[in-house]
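Just one chain is shown here, as structure tokens, and it is the form predicted alone.
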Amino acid sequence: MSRKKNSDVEETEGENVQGKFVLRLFITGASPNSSRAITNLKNICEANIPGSYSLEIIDVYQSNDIAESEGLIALPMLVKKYPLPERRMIGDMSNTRKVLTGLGLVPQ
């Protein structure tokens, strides 16, 4: 299973750590869309919630069991686990405003 964590945040095992955002980004290998989604999401998080998030990147080619249990419908897909409510966003995360809205940082 290929998982990466933001080095500034301790591993959370899917649980919130003192108000931090818990994010899971599901990707398909090293595809261009996946690479863009990773870069865009990291940039958005560092610009808006630096040090206040954990990001788990899951390659569905290497983690089919997790992909199936999450009921993924399209990739790349970001799942905001915490704070509630859980939200799902599809795409390369290039629309910063939509990502911030999905994270609950900008009113809808």
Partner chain sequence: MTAAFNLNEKNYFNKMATKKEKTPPKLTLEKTPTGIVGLDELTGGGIPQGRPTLVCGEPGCGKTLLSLEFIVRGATEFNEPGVFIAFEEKSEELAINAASLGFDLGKLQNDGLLKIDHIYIERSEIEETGEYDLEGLFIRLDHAINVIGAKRVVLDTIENLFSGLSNQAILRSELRRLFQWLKDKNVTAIITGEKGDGLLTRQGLEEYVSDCVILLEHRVVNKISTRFLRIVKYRGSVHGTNEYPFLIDSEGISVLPVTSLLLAHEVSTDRISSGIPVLDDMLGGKGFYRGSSILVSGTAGTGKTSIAAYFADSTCKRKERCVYFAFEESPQQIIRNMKSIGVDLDTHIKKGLLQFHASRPTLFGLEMHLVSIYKTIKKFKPQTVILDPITNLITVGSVSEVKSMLIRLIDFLQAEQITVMFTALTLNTIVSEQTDEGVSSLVDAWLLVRDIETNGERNRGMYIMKSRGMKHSNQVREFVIRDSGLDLVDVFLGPEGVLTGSAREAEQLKLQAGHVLRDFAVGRKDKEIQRKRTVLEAKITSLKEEFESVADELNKSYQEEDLRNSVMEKNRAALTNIRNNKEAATGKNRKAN
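Not measured: the values here are computed from a predicted model. Positions refer to the first chain, counted from 1.
There is another form of the same protein, the form predicted together with the partner chain; it is not shown, and what comes next is about it.
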#### Entry: Contact of Leu23 with the partner chain in the predicted complex (heavy atom, 4.5 Å)
no
Contact flag, Arg36 vs the partner chain in the predicted complex, heavy atom cut 4.5 Å
yes
Q. Are any of the heavy atoms in Ile90 no more than 4.5 Å from a heavy atom of the partner chain in the predicted complex?
A. yes
Q: May I ask you to check whether Ala67 falls inside a 4.5 Å heavy atom distance of the partner chain in the predicted complex?
A: yes
The one residue among Val79, Leu72, Ile57, Ile49 placing a heavy atom within 4.5 Å of the partner chain in the predicted complex is Leu72
